[in-house]
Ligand code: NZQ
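As structure tokens, one chain now follows by itself in the form predicted on its own.
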């Protein structure tokens, strides 16, 4: 079992009506609030008005229109507002993109240079504004983790940053706020959650406990995803998926594992960074192809374990047969959620594969569970057409 450090710095208020806890918790951090959100969905949901009511008596400045793949230009706007108005605390209301954008803003306020340089060079983040969140989507788990991603459209780059300084201080997670999320977004969110779990599972070395924890959350997503999509107002299904989202991406499940880069994330960032694809959709397309590509005598044991533990495949079968059935089950799960199955369907241009593959390798895929170099990545892209 590997050494680890665990930092859970987020105070969680989970369940219906927890928005009422926002006022006292955000006021703790100061009077000047930057309220960050995306499009008009929170207004249609009635959440915008609820939030403003909770912020009565505070000085509120708004940053609206954060994109689905958050752009560095939105970060620039947010930093400008924070500095102009001496913002004390940032409130992000929305999905992972809004929260990620807010995290980068919180850190960039204290960065002396250009915010993109901070991201591109992964400069150490030593200080950030406190961040509170109200989540409206089950997907990234950004509400209680230390990571964020941001896109530079001019350079076609999507880059992640990590720091304990940007972990949200308070997160309100009310599953009923996801009732109006479309079937497509719900499905993509479930794929995103599964990818975070697979990232912790297909590693050089795992522990008995971590395997059981990750497997249980995978099986939760598999069990409830279809219900959440077909019965959008089913609170139990939405709540289970929402909590799975939080648990899947903050290291709680995989403490003690020997972790490695998950190549699928690096490959997908090229899709959403260049073609503005939905992150979860890209992950769902690439994941089964990645599994097929890396299946070998070295990896078959892990895939067979995954097949029996998660998908209930007969352990008495040949291990290659179990592994292949597990990969088929994974692909079938994504297909059953009505997620596009090929890069062609989502308009990805294969002429850029070689350049994308080189950029993906810079993500660190050579240090993955199964090392992936540009030639490998380009082939997985081609397999996904």
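Numbering follows the first chain given and starts at 1. Please read these numbers as outputs of a predicted model, since none were measured by experiment.
Unshown form predicted in complex with 5,6-dihydroxy-NADP (NZQ); subsequent notes refer to it.
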Handout entry: All of 284, 288 and 379 with a heavy atom within 4.5 Å of 5,6-dihydroxy-NADP (NZQ) in the predicted complex
Key = no
Practice task
Sort through 310-318, 72-80, 115-123, 94-102 and report the only stretch with a non-hydrogen atom within 4.5 Å of 5,6-dihydroxy-NADP (NZQ) in the predicted complex.
Solution key: 94-102
Problem - Heavy atom within 4.5 Å of 5,6-dihydroxy-NADP (NZQ) in the predicted complex - residue from 139, 194, 267, 225 - result: 139
Completion exercise
If we test each of 163, 240, 185, 171 for a heavy atom within 4.5 Å of 5,6-dihydroxy-NADP (NZQ) in the predicted complex, the one that passes is 185
Problem - 5,6-dihydroxy-NADP (NZQ) contact at residue 145 in the predicted complex, heavy atom, 4.5 Å - result: yes
Problem - Non-hydrogen atom contact residue 177 with 5,6-dihydroxy-NADP (NZQ) in the predicted complex at 4.5 angstroms - result: yes
Practice task
With heavy atoms only and a cut-off of 4.5 Å, decide whether residue 34 touches 5,6-dihydroxy-NADP (NZQ) in the predicted complex.
Solution key: no
Practice task
Considering only heavy atoms, tell me if residue 66 and 5,6-dihydroxy-NADP (NZQ) come within 4.5 Å of each other in the predicted complex.
Solution key: yes
Problem - Residues within stretch 273-289 having a non-hydrogen atom within 4.5 Å of 5,6-dihydroxy-NADP (NZQ) in the predicted complex - result: 279
